[in-house]
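Only one chain is given next, in structure tokens, and it is the form predicted on its own.
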Amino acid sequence: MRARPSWLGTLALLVTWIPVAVAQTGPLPSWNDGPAKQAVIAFVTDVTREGSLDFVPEPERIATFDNDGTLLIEQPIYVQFAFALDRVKVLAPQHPEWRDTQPFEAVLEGNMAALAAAGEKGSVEIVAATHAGMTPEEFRQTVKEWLATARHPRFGRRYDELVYQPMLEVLAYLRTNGFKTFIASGGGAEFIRAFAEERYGIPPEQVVGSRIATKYERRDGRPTLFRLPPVDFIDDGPGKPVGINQEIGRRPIAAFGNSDGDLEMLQWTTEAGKRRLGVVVHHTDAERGYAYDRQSHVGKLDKALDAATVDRWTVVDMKRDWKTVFPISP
């Protein structure tokens, strides 16, 4: 029998190898095949295919993402609040009165019950005391220095390493297809800007978040912005659509969230009478992350989970839909 030319053998090997390679390098490789992955890919395909009834011009391809619990771990407490608690300890020598003043006394003594009793009012006081009194540049640098050393109590990794690998892939996939990706978070805009570009590929000007008051003044003959304690805007709940409209100026065609704080953003995005995508990340994986929803004090998902059925949003079951949760540690 005549030997087959070597190039035919090579071709046969390539035909065998190509489907495997495509499967490994296709969109969203950290997602298991299923309705959630298919919904994201189908939406992107339809709105970017010219001639499609759902085609959306590139300038209008705006996608907004919540941060805490959607892109970044938020248990057992929000990362920004962990930063604030550590800042209280750092700043305590400059404020001896904190030793006898709640909620600062609770932080310094590690009294979590007293801290919880202080509620939202106490949290606001802590954030105001630890986030003001410096320029935006100084604040971002302070956050970066904290992120370089602080570690998550359960996973022992830097907080900004505990971003969700499958969501990083969604961000990259959307941008590859002409989308502009924004963060719309109840967290502080300046806090997120300290790491958003490095971790998410989202530049500072594409971060919409809560903010404290800022004033312009000249210091040592130089123009300076100075952060003040009062809260200026809360970008959460009904504030999210307001913040998006004020800072982006376009209505998103896709929105991703994980809690009731994202409800109004998801509604405003998807109830526009055209092809839209709403995605809810449901934390169901207690082994690789945390499992929580309706009863959680952090990232509560109750009304938005019910609304997902009514408005036909895609619900991502982390345990079922994600092959991996966090990026591999370097």
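Sequential numbering from 1, following the sequence displayed. Everything numeric in this text was worked out from a predicted model, so none of it was measured.
One more form of this protein exists, namely the form predicted together with a further copy of the same chain; it is left out here, but the text below deals with it.
Partner contact region in the model of the complex: 248-256, out of 248-256, 102-110, 141-149, 158-166, criterion any non-hydrogen atom within 4.5 Å of a further copy of the same chain. This chain is drawn without a further copy of the same chain; in the model of the complex, the residue among Pro230, Gly221, Pro153, Gly119 with a heavy atom within 4.5 Å of it is Gly221.
Distance criterion of 4.5 Å from any heavy atom to a further copy of the same chain in the model of the complex singles out Glu271 from the list Asp33, Glu50, Glu271, Glu287. Put simply, Arg199 is far from a further copy of the same chain in the model of the complex: not one heavy atom of it is within 4.5 Å. Interface membership of Arg193, defined by any non-hydrogen atom within 4.5 Å of a further copy of the same chain in the model of the complex, is confirmed. Although the partner is absent here, Arg87 sits far enough away that none of its heavy atoms falls within 4.5 Å of a further copy of the same chain in the model of the complex. In the model of the complex, a further copy of the same chain lies farther than 4.5 Å from every heavy atom of Pro57.
Contacts of stretch 111-142 with a further copy of the same chain in the model of the complex, defined by any heavy atom lying within 4.5 Å, are made by Pro136, Glu137, Arg140, listed in sequence order.
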